[in-house]
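In structure tokens, one chain follows: the form predicted alone.
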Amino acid sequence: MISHKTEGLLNVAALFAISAVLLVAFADQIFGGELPCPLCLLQRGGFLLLAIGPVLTVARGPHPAHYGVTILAGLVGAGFAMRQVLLHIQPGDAGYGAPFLGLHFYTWAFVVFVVAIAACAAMLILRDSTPAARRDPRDRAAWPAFGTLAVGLIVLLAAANALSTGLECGLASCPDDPVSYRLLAPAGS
């Protein structure tokens, strides 16, 4: 059985893990020069949706519904990632973007979404089901500082993704194979 204190700390750790995934994607975008395609952007959105459950846990305390939200978000994100995997499954297809540790980002995204779904299912099975009224209030005191930092990082990454997507796509549809930021390109190009 996982205590409420441990449950909260695991949710904070999940937020840091989601932030790490998004930061690696941004590092590749900024330092590697690989702009995200539309499906890549949807997967990033999926990771931000995946953060909703842990954010709710940090803000309101553990509740089974938070894992339901995360599982649904994981299914959506896994669907976007699998769509991209299937687009590049043909023999001889080099895939989109450079591989990272032997796999493309969209393959890693699928793996991470599936792991997140499995982790949520495990939490639903292993969590302490003591009603909130009977929980020790000190349990939540264990994670506020790290929780606030983790939520702040997710909010910052959401804003950075929105800004980056706006610069890349402008007010039009995002290009299938982006090579520049539309709003930063010289006029007439």
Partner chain sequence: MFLTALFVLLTATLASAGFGSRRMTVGLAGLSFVFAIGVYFHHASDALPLSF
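Residue numbers count along the first chain shown, from 1. Keep in mind it's a predicted model, so treat the numbers as computed, not measured.
What follows is about the form predicted together with its partner chain, which we do not show.
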{"query": "Non-hydrogen atom contact L171 with its partner chain in the model of the complex at 4.5 angstroms", "finding": "yes"}
{"query": "Its partner chain contact at I154 in the model of the complex, heavy atom, 4.5 Å", "finding": "yes"}
{"query": "Distance check, A94 to its partner chain in the model of the complex, heavy atom within 4.5 Å", "finding": "no"}
{"query": "Its partner chain contact in the model of the complex: A109, any heavy atom under 4.5 Å", "finding": "no"}
{"query": "Any residue of 23 to 61 that, in the model of the complex, places a heavy atom within 4.5 Å of its partner chain", "finding": "P38, L39, L41, L42, R44, G45, L48, L49, A51, I52, V55, L56, A59, R60"}
